[in-house]
Ligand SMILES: Nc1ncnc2c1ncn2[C@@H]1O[C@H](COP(=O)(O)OP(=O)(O)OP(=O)(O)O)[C@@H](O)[C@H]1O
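In the block that follows, a single chain appears as structure tokens, in the form predicted alone.
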Amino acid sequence: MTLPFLDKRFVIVAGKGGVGKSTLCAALGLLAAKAGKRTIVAELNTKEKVPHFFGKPDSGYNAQEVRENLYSINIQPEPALHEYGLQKLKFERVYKLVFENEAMQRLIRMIPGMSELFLLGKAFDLERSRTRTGTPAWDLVIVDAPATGHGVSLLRLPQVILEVSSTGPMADEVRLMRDLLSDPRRTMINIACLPEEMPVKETLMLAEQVESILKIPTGFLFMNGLLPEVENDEERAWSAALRSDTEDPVVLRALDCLDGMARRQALQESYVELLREKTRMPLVEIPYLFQRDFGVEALEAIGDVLEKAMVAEAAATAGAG
């Protein structure tokens, strides 16, 4: 069975900052590249992470190949504006005359959301760009969205602009962005989370906003960093008996550590159950990786988990249908 996200062209990974969005984008990108999809992962005006997973330097605004079939880019407002201006005005001299005069620069800085519009516009342009033969330049664009609040504002921007102005060249461009974001044939938004109180709260809020406000077709809820089972019932009984029979401080500290991990794992499981109960998105559990160096090997391990879980979820959904 084909991985569910591989039939899309525009895949977004959103969520609270620090929950592993960039890692998941890279892992998804690696899966797509191995499946033969020419894939680009777009980070949006941020400190780059994706190329570093592959031992590469920052990509900057120019797409960099980090693996066969896999590229990364860091979209930034100023070069995005420059590229858009040249597309419309054709000549560098005309662009400078129109966009680099002081009045226009002040206007751009004053208009709320203008920088974000350039970021989204470039990501959108990656999806629609074509080669000289008319084929798509990219089979798949994976967008590493900004942290929750900023991400929602960014993805809602086309709707907001069209509510203010529905005619004119800008409105036509923005309408195409909105149509891409709402198209279930091309687009999917996934949410990344950690099994902790604040990320779970933000995930519940984001899932509700995706459904009620953004109206972007949903994919998966990725629960990152789950601890393995620490003790089964028999081992818990054995630990309790050992604690009552020893006064060795080293053994007691080890048992305290084991108990602490067991409690943390139980708490994580409660968050997983809460998200399963409160959201409609299929939940994919991703284990915590106990390793010092985080590179391609770790991404491949995460990719294996993602592949098995997404295929299983798709099969279950098809069976239920």
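Being a predicted model, the structure only gives us computed values, none of them experimental. Residue positions are given as counts along the sequence shown, with the first one as 1.
This next part talks about the form predicted together with this ligand, which is not shown.
Although the partner is absent here, Leu255 sits far enough away that none of its heavy atoms falls within 4.5 Å of this ligand in the predicted complex. Taking the partner from elsewhere, Leu289 is found to have a heavy atom lying within 4.5 Å of this ligand in the predicted complex. Contact check for Ile12: every heavy atom lies farther than 4.5 Å from this ligand in the predicted complex. This ligand in the predicted complex comes within 4.5 Å of no heavy atom belonging to Gly303. Residues within 4.5 angstroms of this ligand in the predicted complex, judged by any non-hydrogen atom, belong to 217 to 225 and to none of the other stretches in 177 to 185, 217 to 225, 230 to 238, 118 to 126.
Shown without its partner, the chain has no residue in segment 252 to 266 with a non-hydrogen atom within 4.5 angstroms of this ligand in the predicted complex.
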